[in-house]
Every structure is written in structure tokens, then in C-alpha cells.
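You are given C-alpha cells for the same protein chain in two forms, set apart as structure 1 and structure 2.
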Structure 1
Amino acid sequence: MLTFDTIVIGAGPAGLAASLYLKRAGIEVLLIDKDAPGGQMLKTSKIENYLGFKSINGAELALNMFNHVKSNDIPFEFSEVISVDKKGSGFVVKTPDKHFSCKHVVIATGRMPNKLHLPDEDKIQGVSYCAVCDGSFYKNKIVGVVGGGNSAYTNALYLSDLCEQVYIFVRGEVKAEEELINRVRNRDNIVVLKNTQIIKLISENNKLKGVNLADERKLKLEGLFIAIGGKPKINFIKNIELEKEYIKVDSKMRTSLKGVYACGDVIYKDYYQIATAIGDGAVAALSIKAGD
């Protein structure tokens, strides 16, 4: 069994940042990912809010980051972590064919946004899961936000500053906080459509043109932001404290399990971005270095 001081699980921006900071602090680290390094950045065609790059393809940014990590001689294991178990004062991290031991674990396994599961949802240009990331592509256009929680209402407020008109499609109950509901009510260009369900995405040449609703209405729009939550990827670890399904951490990225840290999209926080994931990864690494 190979031994490291720290094992970082997930090579998205959070895990890449954590492993770089750990290695540069003199800590022996192993980085593991089941897919190509880069995480969700690999699914992003254009990134325009990551400082230092006015506009960059997600795969290119991911490769830049991974090359930076590799240039620091950080070992990378291309495999899926299937379990993390406490053993003595440390942990055993298992992949289908290897076991590793370590003193600290950094969980940086990200999350999957929930989907509407409509035909062609993954193919049509104009469907997005992140208003902060993609909102500026829809300046002065008509857009929709799906969801009735804080995230949907926050996205709608963000978009209402950029777009001509914003519809919020709420299928069930509105669960957003009263303060957000009031702010939305005071915006002239946001319309909340309650008890509505989108049943079809209308597209032309693969670009979103509108939606069909269950009540037979048809609305024209060019962007649809789906904000119905997400699922963090944490099936390999047990007994870790969660907050709204995400891993709960303190300001040093410590979880409820001593020696286990978490960072990036897998934790409960307000903003799920590349910049915040990198900040979280750096904090997790520096907390380990400081012995926190």
C-alpha cells in the first residue's frame, strides 16, 4: 500500500489548487480523478469570468491548470475512489484496484447540477445551469429561470440586470426566502409563473427559441437557466456531516471528520464558481499545512 501525507480526490479546479498548494508547502500529495483532469471546466466552451483570461475555452484552462500541477511533480492517479475509511490515526483510500494510506484527505469531487430531463436538454445551445457564468451571453434578451428556491430567485435577480425580460418558472411551492421574493417582486422585468411546468424546449438550428408549458402556453426565450439544485458526489464516504446534502465545512475547510477536508462545489456555500473552488482548495491545503 502506497502512503502519502494527503490524498486529494477530484482534479477539478478545487482539487488542482489544493494539490499545488500542498506540494509547494512540502507535503507529499497524491491527486486522484476518475476522469480527465479539469472537472466541470471540461464541459464549458467559453469562460469569461476567470481573472487573467478575458475569454478562454474550458478545456484549455483545464489543461493549463493540470500542466501547472504536473510541473510540480505531483503524482496523478487516474481512477475512481470507491471508499475512504478511517484506519488508526489516518485513512485508507480505495480505488477498484489499489489501496492508499494517508493522514489527511481532501474531498474535491464537485457536484452534478439537477436536470429537467427534457429531450435535447444537453444539446441545445441556450440551456445553462449557471447564470453568473453564462448570463452575459444573453444581454438584452428574454430568458427564463427554472426553480422556486433561493438559487433560482438569486439567478433571476442577477439576470434581470442584464436581460430584457426574465421569467421564473416555478412548478411547485416557492421556497425562496421572503427577502428574495420581495426583491423579485420589485423588479419590473421579472415575471414569476407559478404552477408551470416546461414540457418541451423549442429550438431552431440547435439554438433555443422558446418553451412549451404543460398548460399549452408557448413562450419565446433565448436562454433558460436551470436552478433546481445539484447533487454533490460523496457516495464513497460515510458519517460525514452534511448541510442541505452538501458537505458541511468550517472556514478552514475542515469537515466533521478530523483529518478530512472538503473544497469546491462539493461543500455547502453560496457561490459555485471556478474562482471560489480555487480559493477553497487553497484554504484546505494551507489549513493542512498549518496543522489546523
Structure 2
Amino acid sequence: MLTFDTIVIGAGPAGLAASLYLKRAGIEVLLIDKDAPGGQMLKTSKIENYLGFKSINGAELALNMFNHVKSNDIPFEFSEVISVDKKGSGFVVKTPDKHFSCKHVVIATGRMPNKLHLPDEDKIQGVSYCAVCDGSFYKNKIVGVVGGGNSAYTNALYLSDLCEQVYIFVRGEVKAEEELINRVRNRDNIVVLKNTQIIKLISENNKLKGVNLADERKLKLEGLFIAIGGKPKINFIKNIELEKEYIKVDSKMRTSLKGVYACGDVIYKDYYQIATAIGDGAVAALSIKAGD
């Protein structure tokens, strides 16, 4: 069993920041993630509100962050954490083929995308949760984006450069930044449909052909991108206090389990941004260093 002072689970901006701050504080840290480092940044075509970069591709920013972490000789385990168990004064972190022991755990696993929960949503080809990943398959086609926040509007702008027509289905309130709203408004091939609910996916031979709306309209679509937030990925840890399905932390990122910290999109907070995730990760690491 390999032993570290702290194990950080999740390599999005919060986990990367926590790892870097811990290492620079002289704390032996292991970073674990089953996916490519970067988290939600990998699914973002363009980031324009991260200080120091007027505009940068999400995957490029993720790579820059991970290279920064690697340059500090922080070990990275490419695997899925299946359990975190208390043992004595520390913890055992298990992956499918390895066990690690540590004094502290930092949970930074982010969120899994929410679904529409419509029949056959997981089976129909044409339903996606990542416009950057799958947008190129719908060049010159008609697509839709579900959501009213920054992610939905950013996805729509990205898709409008590829697709013939893009619909944005806003189910409730528009929460996107004014800058994004104005850009969408100035795109001739983007149509915003407010207070619109998709009630059925229309398919043929398992391929998306359109949608039925609650107001009885039908629209032809070949691609539908879901951008309505997500739920925290915390199934590997038990007996931890939650708030609205998110991990509850205090101002020092401490959870209800002594020795376990959480940061980024996995915690309950008001704002979910790259900048706030990095701040969370830094606070968690500094709290561990201080012995809090």
C-alpha cells in the first residue's frame, strides 16, 4: 500500500490547484482521476472570463494547468476511486487495482451532467452533453441546445459556426452573462425559445430527427446538446454531510468528516466558475498545511 500525506481526487481546476499548493507547501500529494485532467474545461470551446487570458480554448487552458502541476513532480494516478474508508487516524483510498493510505483527502470530483429524463434519451444517437466533443458531427445540420446559463449560450455560439441552425431551449430563467446574450442575439442562425419544454425525442432507426414541445410544436433536429448543470460525483464516500446533494463545507473547505476536504463543483456554493474552483482548491490546501 502506497502512503501519501494527502490524496486529491479529481483533476479539474479545483483539484489541480489543491495539488499544486500542497506540493509547494512541502506536503506529499497524489492526484487521482479516471478522466483526462481538466474537468469541465475540456468541454468548453472558448473561455473569456479567466483573468490573464483574453480568450483561450478550454482544452488548452486545462493542458496548461496540468503541465504546471506535472512540472512540480506531482504524481498522477489515472484511475477511478471506488471507495474512501476511515482507518485509524487516516484513510484508505481504493481504486480497482490499488490501495493508498493517507492522512487527508481532498474531494474535487466535480459534477456529472444532468439529463432531461426523457424516454430513450440514453439510446438515441444525436443526444450529447458536450458540444465541443461532438459538434463537428453536425456540420451544416439543425441542432438544439437545452439550457439558459453560460454553458448553454457558449455551446450555442460554438455550434453556430458549424451548423445551419441552432435553437436554444430555455426552460426557465435566462442566467447567461449579458455579453453572451448579446452575442447570441447577433447571430442570424441562433433562435432562442424561452419558456420552452421538450417533452419527447423523435427518432428514426435510433437517430434523432426532432423534438416535440410542450406547446404542441414539433421541430426538426439532428443533434441536441444538454447543458442544464449536473450532480456531484460522490458515490465513493459515505457518511458525509450534504446540502442539496452537494458536499457541505465550511470556510476552510472542511467537510463533516475530520481530515476530508472538498472543493470546486462538488461543494454547495453560490457560484460555479473556474476562478472560484481554483480558489476553493487553494483554500483546502492551505487549510491542510495550517493543520486546520
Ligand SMILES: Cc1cc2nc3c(=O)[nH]c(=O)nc-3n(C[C@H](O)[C@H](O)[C@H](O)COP(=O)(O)OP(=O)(O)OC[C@H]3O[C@@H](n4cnc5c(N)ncnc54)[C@H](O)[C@@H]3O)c2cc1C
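Numbers follow structure 1, counted from its first residue as 1. For clarity, a rigid core is taken as the largest C-alpha set superposing within 1.5 Å between two forms. All values derive from a computational prediction rather than experimental measurement.
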| query | finding |
| --- | --- |
| Which of the two shown structures is the form predicted on its own | 2 |
| Rigid hinge motion between structures 1 and 2 - rotation in whole degrees | 57 |
| Value in Å for the CA shift of Lys200 between structures 1 and 2, taken after the core is superposed | 7.1 |
| Backbone CA shift between structures 1 and 2, Ala152, after core fitting (angstrom) | 12.4 |
